[in-house]
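Listed next as structure tokens: two forms of one protein chain, kept apart as structure 1 and structure 2.
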Structure 1
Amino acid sequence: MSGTAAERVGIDVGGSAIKAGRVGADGSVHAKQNWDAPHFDRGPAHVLDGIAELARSLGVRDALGIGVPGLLDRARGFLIESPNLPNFKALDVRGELARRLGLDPARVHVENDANAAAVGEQWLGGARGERDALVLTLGTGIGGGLILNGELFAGEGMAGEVGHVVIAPGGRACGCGRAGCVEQYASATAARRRALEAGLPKDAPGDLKRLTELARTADGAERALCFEVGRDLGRGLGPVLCLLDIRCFVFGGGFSAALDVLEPGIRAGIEERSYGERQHSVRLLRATLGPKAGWIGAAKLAF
């Protein structure tokens, strides 16, 4: 495969797979590939080698965008730490990939994975045309990317981390080193744990797909659990509404398929942690790009 100057390669590093693709400046997708089970336990060098090979196979030329999970030093392209990839700390993602690919380091754009997904959704997906939105990914953890005035807002690199808003001080320990973070109560991982602890659904404890199916069909224990999970998520979103007056929340990631049964709880949690009548104008939307959002957004950032 061979990329052109009007195309960019984007990479999305996920907790269980690494996804990549080549995108045109007009948003057309020209190629895509996945690296399933990348064996993060083998260490950063192994993973970076594999990412470089993915980029080469997609025809990377003079620029690359990559979304990585965790806290970044955006100026240097460093991954400071990643709660869900504990062996990846103080990693020079930009420099290491530039060296492997023979690129100018300034042409390797490193961004938080949730921020990259937000850019993708605002460019071509569920947040398309939105001036202000928070795009969330509900998966192993909870990521968030802020779009303000039509542009990604990342601050010094840590903006949008709604998954680490503390909603239960002294609560469950989180991989970030704190306790009571919203992702410990409302991520897919947390929802599965809560379902197992409650023995739900009764025919397949911990099966989130089955849980949501039953929550849709009957007003029972499964629906009540989805309401509680949604309310904890809404408790994390209420402060966002208070601080930024964002009325549009877009949900991606595998667990976003349950948005319809989570929504009543989300709205209850938002109302509990915000004020005024504005919460009634809040829109809860599904992301539309699915697993492509991260690498499409990373490619956009590389233009």
Structure 2
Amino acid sequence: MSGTAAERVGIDVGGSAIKAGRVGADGSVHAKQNWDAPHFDRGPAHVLDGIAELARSLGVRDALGIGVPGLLDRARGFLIESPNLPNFKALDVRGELARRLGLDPARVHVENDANAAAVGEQWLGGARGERDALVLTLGTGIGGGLILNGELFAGEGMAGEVGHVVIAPGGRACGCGRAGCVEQYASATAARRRALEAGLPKDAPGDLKRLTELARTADGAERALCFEVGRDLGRGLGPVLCLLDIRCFVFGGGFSAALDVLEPGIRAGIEERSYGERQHSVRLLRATLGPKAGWIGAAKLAF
């Protein structure tokens, strides 16, 4: 396989797999490849070797994009730290990959993984063509990437962290060290915990897929719980409307499959925490690229 100048390789570093692909400037996906279950415990050099190998096998030419989870120094392409990859600290991702692949470091674009996914969804997915949108990922936590004026907006590097908007002051402790963050109430993990606590659904407590099915079919305890979870999510989105007045929210991640049953709650939560007529024109959309969003976005950023 060999890429052409009008194609870019994108890579998405996830906790359980490293996904990659090659994408044309026209949005055509030419090849994709996964590295399942990489041994992060063998250290950064091992993982970077594997990523370089993946890029080579996809025919990387003169530019590459990579999405990594964690706190970045985006200007330098450094991973400062990554909560999920404890031994990946102060890592010169750009320099190390450029050296391994013989690329100009300026052509290696390093981005936060949620931001890369947002770019992917805006380019080819659920946020396609949207000028302003917040792309959320409902998973272990709640990640987010902001598209403003058609471009990724990262601020000083960590914009879009909607998961840590405090919706319940003095509420549940969060891994970030604060309390009451929305991801403690409305991530997939939080929803599972709430379902378990409520003993729902009765035949399979904590099973979100089953919970969602039941919420969809009958007006019972499962639907009420989904409403509560959705409302908490909407409470976290209220400040987004107040501050940015954007009306398009795109939901990805495993739990976004429940968007239809979460929607009434989400709208109630937004209504409670923002004002004016704008709530009525809010659109809640599903992400469509699934696990490809990250590497497609990373590839886009490398053009």
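Along the sequence of structure 1, residues get numbers from 1 upward. Bear in mind that the values here come from a model prediction, so they are computed numbers and not experimental data. In this text, the rigid core denotes the largest set of C-alpha atoms whose superposition between the two forms falls within 1.5 Å.
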{"property": "Pair member which, unlike the other, is the form predicted together with another copy of the chain", "result": "2"}
{"property": "Hinge residue among Q122, V162, G238, C226 (rigid parts rotating between structures 1 and 2)", "result": "Q122"}
{"property": "Rotation (degrees) of the lesser rigid unit against the larger between structures 1 and 2", "result": "12"}
{"property": "Following rigid core superposition, Cα shift of R42 between structures 1 and 2 in Å", "result": "4.9"}
